[in-house]
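Only one chain is included here, represented as structure tokens and corresponding to the form predicted on its own.
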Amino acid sequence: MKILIKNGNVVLNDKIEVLDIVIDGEKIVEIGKDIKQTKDYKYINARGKYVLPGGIDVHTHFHMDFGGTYSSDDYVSGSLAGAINGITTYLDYAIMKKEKTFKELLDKKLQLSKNSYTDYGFHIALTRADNDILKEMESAKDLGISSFKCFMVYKKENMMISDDNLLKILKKAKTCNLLVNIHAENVDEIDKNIETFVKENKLNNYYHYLSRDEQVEYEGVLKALKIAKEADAPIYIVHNACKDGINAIRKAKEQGQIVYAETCPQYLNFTSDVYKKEDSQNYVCSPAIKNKESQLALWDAIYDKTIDVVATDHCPFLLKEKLWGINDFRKTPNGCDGIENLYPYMLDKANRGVISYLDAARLVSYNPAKIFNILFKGEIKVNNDADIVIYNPRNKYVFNKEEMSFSKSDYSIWEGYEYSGKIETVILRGEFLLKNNTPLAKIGFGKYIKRG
């Protein structure tokens, strides 16, 4: 199918220009001005609208086994929620538990994700660093895996990687040209704080935040940077939420250390005051949402490009499960929704002049593709996949979970958010996922992206 997109404000890597785009099959085949329309084209008039590369959410947790249940979105509902809102590709976390090999884990995940609406790949989250794991890292790219994750937390859940094992993994990753993602918090301080709050019977959800406060995250980031420097290996620190942590990353970058920083919309939009609300359980996530000072520091880090990526850490649960911790925050499953609000939120900020449209595309598409070796995506250029988002800056709406959401989660922290513009059309590899606000996505159209 040939598609001609005419007269849109096309967001390229380094500029925005009124251009036409021709799509033939799965690829962008021509970009230029005044391209003549012929009868074999499907025509889209994008005058006055922004044409951007498809969004790439590099941090999701679909069907994740955690806290005595599973995250509410599987690969079908989660990918559809993203597809209708401009996310054409996602990278999900496959967590090593009882599996003996990466292939065993990947085969399970590929079976679960085979009906995805959008393209997808996986990071592997390591829970051990024995010789077999380190050896298998040498051939991970044969499976299409080029990134791993290490948790510095979740000791009791048997997911934590110790400092010495993290060093081993980073050294091996360096030799294999792999990237390690790190969840950076000080687990000992978390445990100490929780022990104190339990003794004092301080168990509402505000103490989730206080148990994982700014200092806890800052200390984790410092340790992650120190170990990575010792290994002389690049790292990607996920879901940064605090001022001192992001300042430490900025300083490390200035000193020449290769470190990539990610944050999430919930940290940009909310503050720790949400843990005082009646529905505080909905905002329980790790790291916790921090104070106003940290929120402002994250925006500063976006402006100076210390933050490389905005992703979601999408991991919602059902409300009845979130309410398990109504009298004890330790029982509240950790995670928020986000995949259907990521690109709309960043584009809303662009539309309001908080950031530029170039920033939005860089943070949600271009940088994720470059950092994680997602070939032929993340940029509007000839020969790239025809992953396209068309955004109308004049189409205002208020997010309503019941009427607009495709997520299986039965609540949203984004309920009532007023968007100043709207994604109206989404194209993945030349096929419409959304056209003029009408969902057209096909179950199973997504394909596994091998990254080398």
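Quick caveat: nothing in here was measured; it's all calculated off a predicted structure. We number the residues from 1 along the sequence you see.
Although not depicted, the form predicted together with a small molecule is the subject of the following passage.
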item	value
Segment that reaches the small molecule in the predicted complex - one of 116 to 124, 137 to 145, 333 to 341, 300 to 308, heavy atoms within 4.5 Å	333 to 341
Interface residue in the predicted complex among Lys408, Lys401, Lys422, His61, criterion: non-hydrogen atom within 4.5 angstroms of the small molecule	His61
Contact residue in the predicted complex, from His183, Lys349, Arg362, Lys377 (heavy atom within 4.5 Å of the small molecule)	His183
Touches the small molecule in the predicted complex: Tyr357 (any heavy atom, 4.5 Å)	no
Interface membership of Phe372, the small molecule in the predicted complex, 4.5 Å heavy atom rule	no
Phe151: touches the small molecule in the predicted complex, heavy atom cutoff 4.5 angstroms	yes
Contact label in the predicted complex: Ser286 to the small molecule, heavy atom within 4.5 Å	yes
